[in-house]
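This document opens with one chain alone, in structure tokens, the form predicted alone.
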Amino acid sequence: MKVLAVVNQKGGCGKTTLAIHLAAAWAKEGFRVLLVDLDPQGHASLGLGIHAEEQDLGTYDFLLDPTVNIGDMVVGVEKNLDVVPSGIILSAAEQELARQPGRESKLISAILRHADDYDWVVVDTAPSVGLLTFNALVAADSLLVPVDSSTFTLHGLEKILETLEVLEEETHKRPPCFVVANQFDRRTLFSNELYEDLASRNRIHLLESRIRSSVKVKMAAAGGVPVMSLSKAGPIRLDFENLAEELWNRLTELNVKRDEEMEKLILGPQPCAEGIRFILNAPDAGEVYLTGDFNHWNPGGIPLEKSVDQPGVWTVVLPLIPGNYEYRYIIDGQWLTDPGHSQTIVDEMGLENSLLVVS
């Protein structure tokens, strides 16, 4: 499963339109796609004919209630395309998340609970860089930043790049940032100069695909369908399909390189001769402990030791017999699920723990 977040703090640059049509294009190709509407305005939902006031559950519940089944939250709009809808209630989520531990990781935790259900997760974000958008950045394998032909579009791009630097400092993660020229008019000098400016920047991956302006997009949105569903979609349909194909190819290339790098560092619980080796990458941590069913959730925890060969990596080996074990890491006093192990479970208190199955 791959997670793509469509972001830009500048409004009016076409984030929602791109999120809808990328999701629809990949679904058309046979991929199982989940579109997460992470904007309280709910425009991605409206653009696919979903009205938040008619839905009992949505993105608010997706983030804050791990006990809710995803089948009760999603709306199937087309074959292979599901949507987690959003509404104004999502605006209250930032305040509630601010009081919770691991608040920046709520979206990725929710997504990983359903990793086997989808090939792609596309996240449409709000035109701001708050806690909701930061959740999208933490969850994303890659970012797509649309820039339109306007005076302030580069300012929005720079703000995203600054936010990525903060993300890298706090999480040691920096997803690749793809940029697409949206609502692009090849006939104007301003649009062509903007594209040349973007091509000269080395912190982004500028896509060759460019999305033109078209009234067909507005017609499709008014009907609550992607433009591919119109009987006479015109050239704009090819723009979106070409973008989906190019982005897929570029991400595949990057994933091959990333997989080669990750082969050098295997994270999460791994079987070994002595039992199970727990491996955690936490280069900035001062102290790391492990607690769970195997030590009766002792808050003192089992200490991990820093690896000599791999800087920033902490390890401990436990002689565990076959069975199911819930556990968490305690990193500098903060209780967190295992970021290197996607399988989780919700306990009777409604708390999410990592789940290890020893066979």
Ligand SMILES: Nc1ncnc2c1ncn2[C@@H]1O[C@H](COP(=O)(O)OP(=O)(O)OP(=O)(O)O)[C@@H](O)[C@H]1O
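All values derive from a computational prediction rather than experimental measurement. Numbering starts at 1 and follows the sequence shown.
Just so it is clear, the following notes concern the form predicted in complex with this ligand, a form of the same protein that is not shown.
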My question is simply whether G11 lines the interface with this ligand in the model of the complex - judged by any non-hydrogen atom within 4.5 Å. yes
So in the model of the complex, does any heavy atom of Q183 sit within 4.5 Å of this ligand? yes
Taking the shortest heavy atom distance, is I236 within 4.5 Å of this ligand in the model of the complex? yes
Quick one: does V288 come within 4.5 Å of this ligand in the model of the complex, counting heavy atoms only? no
Would you mind picking out the stretch of 33 to 41, 321 to 329, 49 to 57, 292 to 300 that comes within 4.5 angstroms of this ligand in the model of the complex, counting non-hydrogen atoms? 33 to 41
With this ligand left out of view, choose which of G223, P127, G102, G130 has a non-hydrogen atom within 4.5 angstroms of it in the model of the complex. P127
Heavy atom within 4.5 Å of this ligand in the model of the complex: which of V84, A139, V217, L144 fits that? Just give me the one. V217
Suppose contact means any heavy atom within 4.5 Å; which members of 334 to 348 contact this ligand in the model of the complex? none
